[in-house]
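Same chain, two versions here, written out as structure tokens and called structure 1 and structure 2.
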Structure 1
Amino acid sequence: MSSRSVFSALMGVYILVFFAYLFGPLVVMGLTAFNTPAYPQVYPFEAFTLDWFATLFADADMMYGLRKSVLIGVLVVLVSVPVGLAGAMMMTQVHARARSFYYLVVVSPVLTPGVIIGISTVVFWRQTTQMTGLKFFYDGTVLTVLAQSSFISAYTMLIFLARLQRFDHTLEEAALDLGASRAQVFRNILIPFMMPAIGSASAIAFLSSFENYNTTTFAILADKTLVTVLAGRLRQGTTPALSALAVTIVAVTVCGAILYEYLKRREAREADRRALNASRAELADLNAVAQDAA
């Protein structure tokens, strides 16, 4: 037995253990969601059932928390994506000597524990409400959106910075020289170029908000989201209905990823087709010119 064969065998065992560790809980969770016992059980598999999904969707607290999590996630996207884009654009405009300090300031929320962000948000807006009488901000949903956006905006900014590094600023200069305003340059040149990053940042912001617990559990006050409801249920003991919820979330995520990949490949095929048609048209024009010259 050679060293190469031993290395290949060890690598195969490592890959097997890695994927078993990664996907094993998902397989167990999926089996318990379709098994009949009231306690999550994989073996013996008594009978196939969909009752736990019906139990899940009939759970008023769970459905309320799900709707609240989706609402907060959408609001966080609407706040964090524009803020992250503005922060990334500001990064490209500040002086080179101040850029490191600016980067440290805007990225610092990512390094701050979520518990600190949640508590500080509640304390700050409670004091602001007492001084100004603006009770709108001292609401569980509003506080959660503000608290989550404070660090999720930094995530989106990093995505936009990576995209802006490939932006050709001579396009802006050419548009300004031709008489376009700053608003027109932003709307017609920069935004179309940033659309892939905007889509990615929106997805990251929504998922980060949807699964966040540390910040949410303090900022939500007396209200509740899906993660806080799940935390309370797990203290009382798990049920197959929770496995059904996990299977549903995984299925929606996988379907979304497949749809995104399909749309991306279709756009790539359309771009290739347009490029091919343009090449054929150019070749036809060259042939016509050559025939006229002959």
Structure 2
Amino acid sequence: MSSRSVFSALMGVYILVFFAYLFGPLVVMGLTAFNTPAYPQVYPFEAFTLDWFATLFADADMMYGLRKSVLIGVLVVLVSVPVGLAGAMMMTQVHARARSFYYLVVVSPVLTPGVIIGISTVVFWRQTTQMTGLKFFYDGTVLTVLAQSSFISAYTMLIFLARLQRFDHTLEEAALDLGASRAQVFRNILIPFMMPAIGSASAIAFLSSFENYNTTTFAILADKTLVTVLAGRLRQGTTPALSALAVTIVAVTVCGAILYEYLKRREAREADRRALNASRAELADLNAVAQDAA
């Protein structure tokens, strides 16, 4: 056997072990959601049950947390998508000498531990609201949205920067030349161009917000989100209802992923069809010219 094939066999084994490490714990957890014992276990598997899902959905705290998480997620999307877009558009316009400083400031939240973002947000707004008397602002939901958006905006900004790099600025000029105002150029040209990035940035913003714990646990104050409720439960002890929650989350995201993949494939097919049309039209043009000449 050549050394090359030994290597590839070793590599195959390694990849298998790696993915076993990646999925094993999750599969085990998923199975415990369907096993009857009150303590999450797969072995021995006593009997199949869906009761843990019922327990989960009957849990008022969890359901409250879920609604709160969704609300916060939506608000974070509404804040971080426009802010990230503005941050990305600003990048090329900041004076060249200040650009690296600007970059440092706006990506720093990505490199700052989440707990610190949560703590600093709470500390700042507690002082500010006490000084200014804007008490309603010192609220778990508001602070969580602000704290999460501070780093999620940096994520969305990076997504927008990548897309902006492929933006052809002559499109802007073409629109201006046809009489559009700057605002119309922004609305009719830039935003539609950014739409795919806005879609993926929204998804990423929502998911990052929904699953965030480190920042939220500080910023949420006395309120609670699904993840903080979950963390509280885990500290009290473990039950298969939590596995059921995980299974539900995975099921929902897998559905989302399948939908996304489906849409993407459809879009790709459409693009192929258009490219085919284009080459047909090209051929027809050439034929017409050739006939003219003849």
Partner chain sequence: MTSAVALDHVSIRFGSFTAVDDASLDIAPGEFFSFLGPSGCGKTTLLRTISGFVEPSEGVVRIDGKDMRGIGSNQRPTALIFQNLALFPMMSVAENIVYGLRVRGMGKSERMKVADRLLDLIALPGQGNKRIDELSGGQKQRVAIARALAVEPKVLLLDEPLSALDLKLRQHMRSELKEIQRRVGITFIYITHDQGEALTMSDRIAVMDRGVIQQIGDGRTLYNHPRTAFVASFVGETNILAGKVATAEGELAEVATAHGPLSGANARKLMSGSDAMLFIRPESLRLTAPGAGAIRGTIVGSAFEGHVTHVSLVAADGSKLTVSVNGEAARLVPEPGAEVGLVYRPEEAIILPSEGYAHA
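What we label the rigid core is the largest C-alpha set whose atoms superpose within 1.5 Å from one form to the other. Quick note, the numbers are simply positions in structure 1, starting from 1. Here the structure is a predicted model, which is why all the values come from computation and not from measurement.
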Panel number for the form predicted alone:
1
Look at A96 and decide if its Cα position differs by 2 Å or more between the two structures after superposing on the rigid core.
yes
Core-aligned C-alpha movement of I258 between the two structures, 2 Å or more
no
Quick one: once the rigid core is lined up, does A268 have its C-alpha move by 2 Å or more between the two structures?
yes
Shift in Å of the N277 Cα between the two structures [rigid core superposition]:
5.3
